[in-house]
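This document starts with one chain, in the form predicted alone, laid out as structure tokens.
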């Protein structure tokens, strides 16, 4: 056996690819990470979009990073620190009647809603804990007699059963339904309901009335619900991961796009780069999305027809855009002080508003009055903007990847719509804009090589969860092609900068070598 025969190649230096590489290298494997871009990080990078102004390219808040990974890879030693933790979510009201949400505490609402919030948050946190406990477990297979799979299923059943009879019934009742009905049952204040509904649909092709939106809310809460801004932006997270991977012995090659995965006698044998270079390997682990990996880099001809068909049916229609504004000064939000402007700001003034915003996407149109999650990270991190100036980073819904009009024609109009919407809450913001950037799902797909521009690599829903993620037959990170593994957000436990998919895949690979 040559040295190259023992090599493991990881495709993509996003956060999951870097985590996987670090753990494989720590286990003694020769690991080479291949990244198409000029720097590691994938979609979680910080970059300059105007002279002197830097922003997180896609994800802009950290709330799911696994504490075990942070400690085991000593990310703090590798430079990771927070510019601000414990961000409060503020549901904005055009008239200044804003609602402040800090865990179970809520301000700006009637006593009845404050009491309801205590019960709602306690219950949702408990349900989210069930999902959170699954993050670092390999999903069980169904229909087998393998003791490990049966034990894993039994643990899941026990986790649910320990909720108690009443709470277990409630969990099973609401986990797959829509957030609209749940919030209507529990609250009165429209701004509170709108803000809570946004956490159930952000980054998805779902509206508040869509089934599975409760599940999405639980997934978002499964990391504990503490929003943080890393110093230096989200790129600081992946920079620390890259440093940890290199320290463990992994090689990271940037500017090295993979053209195809090589197969020899029905087994993976390495990869070919865009420039024609062949790199042999014993195993290939892809952090790219499942469809890009299996249909694109591998090719459906190497897959059984039914499996290839299932991969083609993964729902991954990107519908979230990213907007960056370089501002000549601090924007003033009606009824909000400067400290409040530094929190997590939500444009979702009612359930009905959010649902109407989604309605356009059903017909291939962008929202006429979009919803948004906004931050002003430069208020906490002065490395992101020149003195006295600021950057605004916003995730904006809904902006479908396959826009009927086409993004070439609609880009300027949609950006104007977004700015007009923001101006309802910060009246002078348009006059403060020095530079504006819009990343549509089409841009995200092209720049970060994510199919459909869906940064979760597929919808988060019960039929695309656990052993069903990405599809049956690849739910335990191994694909049907010997030597090819998946470790990205398209695998369990799903999207969000948490790293669990990368660590789980590495553990599965190391375990397979021992069998």
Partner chain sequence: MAKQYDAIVIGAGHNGLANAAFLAKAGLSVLMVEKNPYIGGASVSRNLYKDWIYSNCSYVCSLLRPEVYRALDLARYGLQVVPYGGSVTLTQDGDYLGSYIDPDASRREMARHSPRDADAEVRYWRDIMRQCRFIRQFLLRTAPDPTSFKPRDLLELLHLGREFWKLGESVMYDTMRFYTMSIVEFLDEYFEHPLIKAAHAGSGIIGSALGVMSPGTAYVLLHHAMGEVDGTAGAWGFARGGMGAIAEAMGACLRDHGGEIVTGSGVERIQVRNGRATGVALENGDEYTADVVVSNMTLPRTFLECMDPADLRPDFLTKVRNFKIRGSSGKVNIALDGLPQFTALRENRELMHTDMHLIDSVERLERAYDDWKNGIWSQDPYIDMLIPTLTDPTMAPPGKHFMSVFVQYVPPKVHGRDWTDADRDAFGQTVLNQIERYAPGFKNLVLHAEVRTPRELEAEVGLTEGNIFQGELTMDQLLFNRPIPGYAQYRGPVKGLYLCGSSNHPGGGVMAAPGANAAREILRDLRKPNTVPEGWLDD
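Numbering follows the first chain given and starts at 1. No experiment lies behind these values; they were computed from the predicted model shown.
From this point on, the text means the form predicted in complex with its partner chain, which you will not see here.
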| Taking heavy atoms and a 4.5 Å cut-off, does residue 414 contact its partner chain in the predicted bound form? | no
| request: May I ask you to state whether residue 180 is within 4.5 Å of its partner chain in the predicted bound form, using heavy atom distances? | output: yes
| query | Might residue 420 be said to contact its partner chain in the predicted bound form, defining contact as any heavy atom within 4.5 Å? | reply | no
| query | Does residue 165 reach its partner chain in the predicted bound form, with heavy atoms at most 4.5 Å apart? | reply | yes
| query | So which of 232-240, 113-121, 328-336, 210-218 is the stretch with heavy atoms within 4.5 Å of its partner chain in the predicted bound form? | reply | 210-218
| message | Looking at 74, 368, 408, 150 here, can you tell me which has any non-hydrogen atom within 4.5 angstroms of its partner chain in the predicted bound form? | response | 150
| message | Counting any non-hydrogen atom inside 4.5 Å, which residue from 133, 309, 260, 81 sits next to its partner chain in the predicted bound form? | response | 309
| request: Pull the contact list for 396-424: residues with a heavy atom within 4.5 Å of its partner chain in the predicted bound form, in sequence order. | output: 404
